[in-house]
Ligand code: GLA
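Starting off, we have a lone chain in the form predicted alone, written out as structure tokens.
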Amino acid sequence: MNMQMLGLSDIVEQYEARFENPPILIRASGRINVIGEHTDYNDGFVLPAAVDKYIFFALAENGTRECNFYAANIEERFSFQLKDMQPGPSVWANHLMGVLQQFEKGGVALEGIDCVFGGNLPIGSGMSSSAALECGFALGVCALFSLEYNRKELALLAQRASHEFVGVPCGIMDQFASLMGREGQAIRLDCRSLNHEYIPLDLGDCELVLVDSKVKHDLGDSEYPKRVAECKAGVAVLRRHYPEISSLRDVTLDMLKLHRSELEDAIYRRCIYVVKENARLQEACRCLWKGELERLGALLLVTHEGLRDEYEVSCPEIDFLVDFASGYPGVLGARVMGGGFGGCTINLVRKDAKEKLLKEITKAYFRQYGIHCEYYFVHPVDGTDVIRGS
């Protein structure tokens, strides 16, 4: 989807052209994930960071029972009565209605809301624009109606909105990272307990660069819930022997290898990827603490190989970008980031090699696929917040 990039002033201007009541303003952060992919819905560990790509919101109560939303980047409107909230073909509207439904389930008496949103967070890039949309709107509703939800509670509310209204069985990582990010830090998050610690994302003479393949294969929409189901199926088999386990978080490589004959080949590969990825994440955290960036880069590449061969969520375009980058001087590591089947690669690159790499990778990618890829420089920032209250 082609979309224009907008700033906060653009959103305020669009709001004032449509609505009268003075709005509150929210800035919702996108996120990257350094390592720990597809582990979140398996109660595992992840290492995300909120980044300086944003969705901005201007919203206010309107004194009615009607909500009026405008998605400024794609110039789409959506209005509905609070009593008539039902999932429909507009995915972005479903995310917002899902958030409102969760507040209602929590006993909040809502009123109609006028809202304009948009920003510079690319859709479909793997930086989790959907979670930023949910979290920014949820924080805005809290600010509008003076609700006392803490940030963890809002992350869980946004996740339930995805599960119950949108129908996406996502883990907690994206919402948690968007709301709990901290300047200059990554978050080592235990997705079971929500215990977390902040780890300095100090990359010395390197930086993280995202290369956007500009493709998003439809297969991802059906394969994501399938991967969730495959992981659960593996756990169900292993629980016959180990009743104490409740998710792949509790499974060891020895357990998997011992009972390999009882697992379908695809399910075995999904499970072994997740178990190994949790171990890689712990090592990646040690690398960051010790400044061992070359080893961190090697871990990113091994994760990509696992996502490509064991979890099978890559695609030819992404593999091309990773292969090109990983063989390029000054690149320490690269992998697909996010759910897969397109989106961005995340690359750990020495700063003095960055410009030449990006010039050559964009040329090579266009020659191969006829697509102009884009690239983004991102920095860890504080998470979603109120810019101007009521």
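The numbering used is simple: start at 1 and walk along the sequence shown. Small disclaimer: the values here were computed from a predicted structure and weren't measured.
Unshown form predicted together with the named molecule; subsequent notes refer to it.
- prompt: Pick from 64 to 72, 51 to 59, 22 to 30, 335 to 343: which stretch has non-hydrogen atoms within 4.5 Å of the named molecule in the predicted complex?
  reply: Checking each option against the 4.5 Å cut-off leaves 335 to 343.
message: Within 4.5 Å, heavy atoms only: does Asp40 come near the named molecule in the predicted complex?
response: Asp40 belongs to the contact set for the named molecule.
message: Given that the named molecule is not shown alongside this chain, does Cys170 nevertheless sit within 4.5 Å of it in the predicted complex, heavy atom to heavy atom?
response: Judged by the heavy-atom cut-off of 4.5 Å, Cys170 is in contact with the named molecule in the predicted complex.
- prompt: With a 4.5 Å heavy atom cut-off, would you call Tyr224 a contact of the named molecule in the predicted complex?
  reply: Judged by the heavy-atom cut-off of 4.5 Å, Tyr224 is in contact with the named molecule in the predicted complex.
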